[in-house]
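Next comes just one chain, in structure tokens: the form predicted on its own.
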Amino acid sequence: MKIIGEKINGTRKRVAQAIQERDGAFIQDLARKQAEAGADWLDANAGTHPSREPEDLIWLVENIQAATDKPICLDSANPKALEVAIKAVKQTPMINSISAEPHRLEGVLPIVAAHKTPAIALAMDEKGIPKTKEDRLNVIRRLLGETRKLGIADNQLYFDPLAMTIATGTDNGLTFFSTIRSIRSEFPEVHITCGLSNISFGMPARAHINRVFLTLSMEAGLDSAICDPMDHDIKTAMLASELLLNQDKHCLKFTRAFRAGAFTKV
């Protein structure tokens, strides 16, 4: 199970302030803490106006790389920002994200192909997020048709079936799990990811919902998530789920984490 650390995102008030004030120490501290907590990639999202996003995204990249050698997930739909930021990264980044929306197919997909980067692919098109599993699968089929034309290997793609908040539809979780299983069956080489906390938006006690959602999603076939690697409950749920799903050979990850004090005594 891979983790894309979510914390360096300009939609967060304190991160936006750091970007505006060029508070590199704050960004570097966030990067370092997420890396030490086990993130496999660090998401970098400036979230600023398109005219200044290229400069801001490069600034984020420079500060993240000053703190850690973890690879970066460049989070933008702005081709100009991606084109300049990708020249500043020291390791091949992930790109977040492509979709079946025309502007992303035309602007972002060629960058993924040219640089052979892993990419998050959203199950949505110009009409928005499809409501049903079959409609989401149709979008994914269309996307794979485009990526394969450009020589992008299926295993470079991290499909996000798009978890919708349970507060607006109590069947949203079931639709998500069912979509994962169908993707895993039809396209076994692709990866599957999601923004983990989206499912609980608008609900109380969100951490409890997120933790159980992670476990059920992993059983369905999820193999990465955009989440907070410093969330103790999420990390321990992930370790226990890997153990029970036969993804932890000889129980080594779980027992090593226990010996390191990762679990509270019960």
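Counting begins at 1, following the sequence as shown. Keep in mind that what you see is a predicted model, and the values were worked out from it rather than measured.
The form predicted in complex with another copy of the chain is left out here; the points below concern that form.
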item: Within 4.5 Å of another copy of the chain in the predicted complex, all of Lys7, Ala18 and Asp43 (non-hydrogen atom); value: no
item: Residue among Glu189, Glu134, Glu106, Asp171 with a heavy atom within 4.5 Å of another copy of the chain in the predicted complex; value: Asp171
item: The unique member of Ile226, Ile27, Ala237, Val61 whose heavy atoms fall within 4.5 Å of another copy of the chain in the predicted complex; value: Ala237
item: Options 29 to 37, 50 to 58, 63 to 71, 198 to 206; stretch whose heavy atom lies within 4.5 Å of another copy of the chain in the predicted complex; value: 198 to 206
item: 4.5 Å heavy atom contact, Arg181 to another copy of the chain in the predicted complex; value: yes
item: His250, heavy atom within 4.5 angstroms of another copy of the chain in the predicted complex; value: yes
item: Interface membership of Thr11, another copy of the chain in the predicted complex, 4.5 Å heavy atom rule; value: no
item: Partner proximity in the predicted complex: Val89 to another copy of the chain, non-hydrogen atom cutoff 4.5 Å; value: no
item: Residues within stretch 212 to 248 having a non-hydrogen atom within 4.5 Å of another copy of the chain in the predicted complex; value: Val212, Phe213, Thr215, Leu216, Glu219, His232, Thr236, Ala237, Ala240, Ser241, Leu243, Leu244, Leu245, Asn246, Asp248
